[in-house]
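Read the single chain below, which is given as structure tokens and is the form predicted on its own.
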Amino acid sequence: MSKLILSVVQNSPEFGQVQANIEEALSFIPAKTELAVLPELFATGYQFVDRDELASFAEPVPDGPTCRALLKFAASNNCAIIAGLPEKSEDNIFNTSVLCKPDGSVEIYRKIHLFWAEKLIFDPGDLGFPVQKFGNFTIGMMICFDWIFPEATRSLALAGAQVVCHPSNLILPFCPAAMITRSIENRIYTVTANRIGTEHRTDLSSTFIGCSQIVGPGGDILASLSDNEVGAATAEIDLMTFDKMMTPQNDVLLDRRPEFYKLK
């Protein structure tokens, strides 16, 4: 298949109501979707008061309740789902994105660039930026604050990612515009799934900006949601409609001259 029906889901989870949040988010996925992208920590909520509370919600992958629910939906609807959850792995707790496929397999990405108070409760990701196959498409994952580091998206593009899926809980206003640039400079599709609502469970109040979007390799917004709605936006993408050529003489990856770039 050279075409893929993508949906980006935007929700407003109630902190701690995991089952209800899962059911609501899955209900937003349109019937014909082949790959759905849900937000970071979409089922738990975001503001954990400390690591002990985080640990009470963390779950193993793929054997935890969130993964099981996503896999069941994926199998029943013949689609794949990417979503964020707190992953328990031995003594570590990672901010993780899972790719749950209809065949029952699960791929993971663990957030490399932790944001603000996440540094106090999560362990930093240790798997780098892998890519995975889904049909004829090569999929990459990153999470939220990874957007501000262009090396993250570039690493995925260099590894062959054609679609970068970006579960998020964004509070800063800059990301939607930045992801347009990430799409253009790498000539890839990007899918940013954010949430809305406000949490004030710690000393800080977090208000999430929504504005979930699917962006094409030319920087065009193919589908989007506003800053105050829940639901899904859908677009069909086609691998035959783009390549890495910015001009007839310029390939955005092959024209790189890394011998002149600083390594650190």
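If you're wondering where the values come from, they're calculated on a predicted model, not measured in any experiment. So that there is no doubt, residue numbering starts at 1 and follows the sequence shown.
What follows is about the form predicted together with another copy of the chain, which we do not show.
In terms of contact with another copy of the chain in the predicted bound form, the residue from 104, 160, 135, 124 that brings a heavy atom within 4.5 Å is 124.
A single residue from the set 171, 112, 71, 79 has any heavy atom within 4.5 angstroms of another copy of the chain in the predicted bound form; that residue is 112. Against another copy of the chain in the predicted bound form, the set 128, 218 and 247 is in full contact: each member has a heavy atom within 4.5 Å. Of the candidate stretches 189-197, 96-104, 139-147, 79-87, only 139-147 contains residues with a heavy atom within 4.5 Å of another copy of the chain in the predicted bound form. When another copy of the chain is considered in the predicted bound form, residue 181 lines it closely, a heavy atom lying within 4.5 Å. When another copy of the chain is considered in the predicted bound form, residue 255 lines it closely, a heavy atom lying within 4.5 Å.
The closest heavy atom approach of residue 75 to another copy of the chain in the predicted bound form falls outside 4.5 Å.
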